[in-house]
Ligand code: NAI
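The chain below stands alone and is given in structure tokens; this is the form predicted on its own.
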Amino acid sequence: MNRRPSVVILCPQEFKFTDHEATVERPFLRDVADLKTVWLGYNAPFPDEVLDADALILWHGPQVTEQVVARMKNCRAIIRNGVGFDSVDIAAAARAGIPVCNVPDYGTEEVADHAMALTLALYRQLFPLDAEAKQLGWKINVAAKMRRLRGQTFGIVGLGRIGTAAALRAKAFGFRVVFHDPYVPVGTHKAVGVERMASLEELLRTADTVSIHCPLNDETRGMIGAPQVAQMKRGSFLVNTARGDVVQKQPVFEALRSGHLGGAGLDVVEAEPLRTAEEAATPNLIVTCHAAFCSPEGMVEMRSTSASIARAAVLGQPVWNRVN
């Protein structure tokens, strides 16, 4: 008897995923595979129903290590339900002949919008003004910190899909836009209408706002540390909507306390979430809950793409968005 393929959606146990019936994914898969959602603790061993799956749709959290990959004998694809894929040992999967795919474009608009929202909140001092107004004040105590956007330099680290979307938004607000990304083709700056910086150091010295839009990997982990923060202009802003571990948080928090940085807008933080009341009390800091990707439209788009890739995998068809 032929075995019916199985697709498992793997969620971290703490993730409040309310769609237990997988109503977005099921229409793509019901005629070709059994579909099940499994919740797993971050360091918990993978159960057989996950290891035996023909395709794995992976939310953030559980780590697919080399040891896990070695036990996935039926797997035809691991699909990261999102942009980042640092939770999967992609080299081990490649050696095992398992494609690892992601969904790189589902949250492009949302994350670029969020980066600009954080930037605008810093430039226009929205949160201090909100707090003052709610205390029945009307002195505009932060007037000296409020800035005109036009003519300021918006520096982008990583000109991929989201970085490009952020660049176009920043241009619309009147920023001079510069970027550093050693991996985009020559001439990209002409196509997008921005300026290319030869090095990260040049961008840090030039920009009034530095916005991070690169993936997390061995090259970028901890890339923005104390030396890089020191190179940034005094009073400049740092925005991160990429991955928390790209930016070392302690040098940033120290620079905010000393006044070297004028503010930071972080949707992601190193070793998230914030760990102490002292971190949370850092001045001129805006933190959101790794939520830049969120919107109902984006979630449906992401989950539909993952389910489509899983369908192709179990049918033996070519998959796309492969990262290994």
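The structure displayed is predicted, hence computed values, not measured ones. Numbering starts at 1 and follows the sequence shown. The term rigid core refers to the maximal set of C-alpha atoms that superpose within 1.5 Å between the two forms.
Beyond what is shown, the protein has a form predicted together with the named molecule; the following relates to that form.
Trainee: Work out which of the listed stretches, 55 to 63, 36 to 44, 261 to 269, 278 to 286, brings a heavy atom within 4.5 angstroms of the named molecule in the predicted complex.
Mentor: Correct option: 261 to 269.
Trainee: Going by heavy atom distances of 4.5 angstroms or less, which of 93, 203, 214, 229 would be at the interface with the named molecule in the predicted complex?
Mentor: When the named molecule is considered in the predicted complex, the option within 4.5 Å is 214.
Trainee: If the cut-off is 4.5 angstroms on heavy atoms, which of these, 76, 80, 249, 243, is the one near the named molecule in the predicted complex?
Mentor: None of the other options qualify; the answer is 243.
Trainee: Find out whether any non-hydrogen atom of residue 162 is located within 4.5 angstroms of the named molecule in the predicted complex, and reply yes or no.
Mentor: Judged by the heavy-atom cut-off of 4.5 Å, residue 162 is in contact with the named molecule in the predicted complex.
Trainee: Might residue 89 be said to contact the named molecule in the predicted complex, defining contact as any heavy atom within 4.5 Å?
Mentor: Residue-level check for residue 89: no, no contact with the named molecule.
Trainee: My question is simply whether residue 104 lines the interface with the named molecule in the predicted complex - judged by any non-hydrogen atom within 4.5 Å.
Mentor: Yes - in the predicted complex, heavy atoms of residue 104 and the named molecule come within 4.5 Å of each other.
Trainee: Looking at the partner-bound form in the predicted complex, is residue 182 within 4.5 Å of the named molecule by any heavy atom?
Mentor: Contact check for residue 182: yes, within 4.5 Å of the named molecule in the predicted complex.
Trainee: Compare the position of the CA of residue 85 between this form and the one not shown after a rigid core fit and state whether the shift reaches 2 Å.
Mentor: Yes.
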